[in-house]
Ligand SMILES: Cc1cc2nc3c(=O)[nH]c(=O)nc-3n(C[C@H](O)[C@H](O)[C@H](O)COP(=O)(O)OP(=O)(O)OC[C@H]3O[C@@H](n4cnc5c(N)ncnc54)[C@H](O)[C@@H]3O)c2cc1C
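Here you get one chain, nothing else, as structure tokens; it is the form predicted alone.
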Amino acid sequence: MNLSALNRKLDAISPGIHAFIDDGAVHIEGQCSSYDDVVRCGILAARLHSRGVVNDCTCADVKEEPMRLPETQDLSLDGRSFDVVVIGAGVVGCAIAMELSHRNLSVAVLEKEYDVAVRASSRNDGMIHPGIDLHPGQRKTYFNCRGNRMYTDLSQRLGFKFIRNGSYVVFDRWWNLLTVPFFHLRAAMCHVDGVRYVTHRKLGRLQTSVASWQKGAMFLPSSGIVEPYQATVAFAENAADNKASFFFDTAVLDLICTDGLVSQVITNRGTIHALSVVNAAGVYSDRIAALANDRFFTIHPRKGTEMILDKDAGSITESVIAKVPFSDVKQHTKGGGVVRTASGNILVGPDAHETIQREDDSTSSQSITDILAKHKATVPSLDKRQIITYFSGTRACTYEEDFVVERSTKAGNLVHAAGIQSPGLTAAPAIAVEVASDIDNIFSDIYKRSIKVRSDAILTRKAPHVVSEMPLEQRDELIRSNPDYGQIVCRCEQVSRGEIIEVLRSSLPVYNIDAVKRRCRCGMGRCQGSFCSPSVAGIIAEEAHCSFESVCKGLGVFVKGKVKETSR
């Protein structure tokens, strides 16, 4: 399709929509009748196979809400200087910070939320994808393959749980068996290891919860699961151990460019001087690119809702179960599945809905009903009464449905790690290696400075204690050495006072209830913190030396009028 043909198709969607090429990217402008039409125009423009799509179409029926900004306004960072400023502390930003912190560089991570992994990085199913559903040649596929293979070593070195439990793509028609050679071919093209067909009879023995209509499945052994927030925390804490500085409640408001380089980062806490910048800002990554006059892609948020079942439902499967087809072309989604999480719960979902709002975490009863009905057809034992919580998150999708990982062509010291939707969790460690290499080249090309891995870099992290998973003898020995580990605070998840204190004394402590919840699962059980939250707040107050009343569910603790320092 050429530009003229594109304009004819756009005009058919909404008269007056116009497309043109600028700096290798397709720009589209005009007024649409609905947001759905705005998205349709962007998807259509992506077929031109340009550098990217900049969608400036508007619609009258709904308006995008402005970015939520921290209440904090001070000059605590004014005048600070760093070799690298990473914008965003999701899993990608934290993995990048970790990789850079092993070098002879000063690194700062700026995050507008109160903690790492507050948004998309904790609002996903935690699956480490095999990548068979991706397209050969995509950046997604390249980074997914490499990232998947890195997780075994990373989990061992950094002390977070990773289980390579495999996934089953279930056939519902006998003619699906004709696609088995396609699966093997696709696996070879995407470098997915060990794919094999499982017969109807064998699947019935291995996965007794799958519906009797099943006609066998493809088993993908390279699939795995992590708790995404715990992996993100592990990356961040290793970066902090290596002297990277984390600044929460810190939003980037502007970038100042001088002579083709980003020289200053303007925040709500003052102006920071930077020799290089990494754009890992998630759903706002296109906005950050625009601040550097390098906007060649557009993020159109896609919301997904997931539900978590009580651990009593954990016997449903030890793996991941999804029905073929695993990709819905119309919605650009893998379609979700039934996932056994690293902590033993069953997670169901997600669905996928386009939304104009970049921070839309709302849920609806209809989404829950639809998701359950869809996956109950494959796993009939799913029971709505076993749901203990549900959540939504927004994914940072480009219209090309691919990652943007590259050096900026407009600002020579800026690197984009943008458009990172699923499988971003899987790809994050490999993206970090690529971005770190780009930063090395920036310092070599621009500043004539050789960047090396530090000989004293800390490459490991001690796993936090998990009392509920310890053998009785080991638990008894730990309690004898520190009685706090024998005082259970969260009865649902069997989390002790000692474990809570341990995370509050880590290399990157965050003093609020939700941050503690992400780190040691206190409040993630059946009652969702109804009983233990006051006790957790009391422990936080003791450790932060503040009043009980100042402890928040999801905000920083305020001490003497300032946010408790969480940087190093």
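None of the values given here were measured: they were computed from a predicted structure. Numbering starts at 1 and follows the sequence shown.
Just so it is clear, the following notes concern the form predicted in complex with the ligand, a form of the same protein that is not shown.
Checking 434, 400, 306, 294 against the ligand in the model of the complex, a heavy atom within 4.5 Å turns up for just one residue: 306. Of the residues 301, 147, 393, 216, just one reaches the ligand in the model of the complex with a heavy atom at 4.5 Å or closer; this is 393. When the ligand is considered in the model of the complex, residue 110 lines it closely, a heavy atom lying within 4.5 Å. In the model of the complex, at least one heavy atom of residue 423 sits within 4.5 Å of a heavy atom of the ligand. Mapping the unseen interface onto this chain, residue 46 falls outside it, with no heavy atom inside 4.5 Å of the ligand in the model of the complex. Using a 4.5 Å cutoff between non-hydrogen atoms, residue 210 does not count as a contact of the ligand in the model of the complex.
In plain terms, the part of the chain that comes close to the ligand in the model of the complex, with a heavy atom within 4.5 Å, is 117-125 out of 117-125, 448-456, 472-480, 194-202. Of the residues in 455-482, none comes within 4.5 Å of the ligand in the model of the complex through any heavy atom.
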